[in-house]
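There is one chain below, alone, in structure tokens, taken in the form predicted alone.
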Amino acid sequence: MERPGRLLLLSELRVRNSAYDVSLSRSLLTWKRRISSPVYHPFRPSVCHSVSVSEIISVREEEEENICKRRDDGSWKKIKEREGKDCRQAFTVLYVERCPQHRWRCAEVTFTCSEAALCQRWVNSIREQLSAITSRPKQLLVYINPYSGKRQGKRIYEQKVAPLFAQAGVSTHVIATEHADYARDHLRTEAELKKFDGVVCVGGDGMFSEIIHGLIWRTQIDGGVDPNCADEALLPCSLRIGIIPAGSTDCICFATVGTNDPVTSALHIIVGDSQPMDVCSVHHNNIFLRYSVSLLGYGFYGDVLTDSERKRWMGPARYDLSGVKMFLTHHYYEGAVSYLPARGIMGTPRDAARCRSGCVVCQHNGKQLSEKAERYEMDEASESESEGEWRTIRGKFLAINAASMSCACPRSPKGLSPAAHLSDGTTDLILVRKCSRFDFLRHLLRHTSKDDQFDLNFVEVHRVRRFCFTPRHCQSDSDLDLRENGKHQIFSQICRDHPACGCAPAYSSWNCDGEILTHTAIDVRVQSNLIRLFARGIEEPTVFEDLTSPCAI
């Protein structure tokens, strides 16, 4: 509890006909019930509540009619007594309340004052503190995908999110997307970004991908940066991005907030949270392909996505069917992976610690990367020296995955790489070499278990800043174009030692955040802290216990 000298207001107010000592400082709003009896009751429930000012959503004065009805018992005598008097002597504070499983809810408490002047003083003081929080958005550009998930995006926004924005005084400009890539193209060309404090997408991971592609591209073009140059560091986006989950998986929201709950995400936007995130830029021969924020998968995950695209009529169940089919097919692919290891950083892919709110690893590594970037600008030779650190691994792989975050979701609570970080400037490169079906099943099952996912002799993982992949038979773009157009393969391969069949495809496809890449040979670079979300990372469970426990004054 803060010292009385640092308090802005201290008054005796009433909550539900009980007397409370209510105090307001620059950081906390606290109300503690006055105990009439001096006898100590060890089992009496908590009578002290404390809310951070930064997590107050809004404050409103109660309407005169509501207060009169609440105080009067309906008798004519009391109504006559209050005639001609000012009944506006109460105010309601709306604030964030934490619930299990990282969910947030909008709670409220009504304080009754002894006089109208005191009530007005409290309302003005709280509003002054809220207006001083510059990180809170005032104008938002909202894109709604009415077709994502179960086509509930518009209903979720109108019924659950819009009322919260209105209560918090957040103005919005809402656009319903009409077709695929509508939001991306609108952000690239038409959107007047200077009018807004952030961009919000209502939809799934595909909708979020559209937003970042449009916003990052627009930022680079406005800043004079060529997005097609794989060696050029990209400019970070100034606008924060909010995600209102309304899709099938909502992996990004789950990994950055801890739950796929629209109300929780809306409250994170209102309080103005900011979580930096790394983005991987994917190129082919200095031609930009896509940005990735979660998973780049070649082999198993690429084949699952490719096969599932032919079964879109099945809905989300198509992923399960394609996963079983690709597991039984058991294709492996030959190629070379070259990577630039991340040096001088904290953390490894096999750490027990996880990336959480206020992550020390992200803060330390982000600082290290910024210092290195400054040295590179001062010493041009530094970049050439770093080229000597490249390492190359050749072999036959069942899967090649690059996880820029844990990739956790309700089906896989730990994710593909549990110790991956959101903003440390690296990605976890996971190589699964050719093995038996049983061993590969062991690897897949560990995504849902508590075992070390990489403690297998056919799996290796590296924390990298950049990597390239070249399939064995990829010698020119024309070879890949023939394959992609369905024509015969020039470099077809006889798989004499393949366990499933006499021959196997020479190429897989890259799964880039749920989208199929048009090229197999790619160059991937991690762009540190390129975007920021209206989030704060997943909070530890101890945070909830501390904030709900009785406070001492």
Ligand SMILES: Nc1ncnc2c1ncn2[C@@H]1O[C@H](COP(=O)(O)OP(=O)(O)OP(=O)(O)O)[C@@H](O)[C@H]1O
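The numbering used is simple: start at 1 and walk along the sequence shown. Because the structure is a prediction, the values reported are computed rather than measured.
The form predicted in complex with this ligand is left out here; the points below concern that form.
**Student:** Hey, of 314 to 322, 227 to 235, 192 to 200, 134 to 142, which bit sits against this ligand in the model of the complex at 4.5 Å between non-hydrogen atoms?
**Tutor:** Looking at the partner contacts, the answer comes out as 314 to 322.
**Student:** Among the candidate residues 424, 428, 250, 303, which is the single one with a non-hydrogen atom no more than 4.5 Å from this ligand in the model of the complex?
**Tutor:** It is 250.
**Student:** Only one of 207, 277, 216, 255 has a non-hydrogen atom within 4.5 angstroms of this ligand in the model of the complex; which is it?
**Tutor:** Of 207, 277, 216, 255, the residue with a heavy atom within 4.5 Å of this ligand in the model of the complex is 207.
**Student:** Is there any non-hydrogen atom of residue 220 lying within 4.5 Å of this ligand in the model of the complex?
**Tutor:** No, residue 220 is distant from the partner.
**Student:** Check whether residue 177 has any heavy atom within 4.5 Å of a heavy atom of this ligand in the model of the complex, and answer yes or no.
**Tutor:** Contact check for residue 177: yes, within 4.5 Å of this ligand in the model of the complex.
**Student:** Check residue 163 for me: does it contact this ligand in the model of the complex (non-hydrogen atoms, 4.5 angstroms)?
**Tutor:** Outside the cut-off, so no.
**Student:** Using heavy atoms and a 4.5 Å limit, would one call residue 146 a contact residue for this ligand in the model of the complex?
**Tutor:** Judged by the heavy-atom cut-off of 4.5 Å, residue 146 is in contact with this ligand in the model of the complex.
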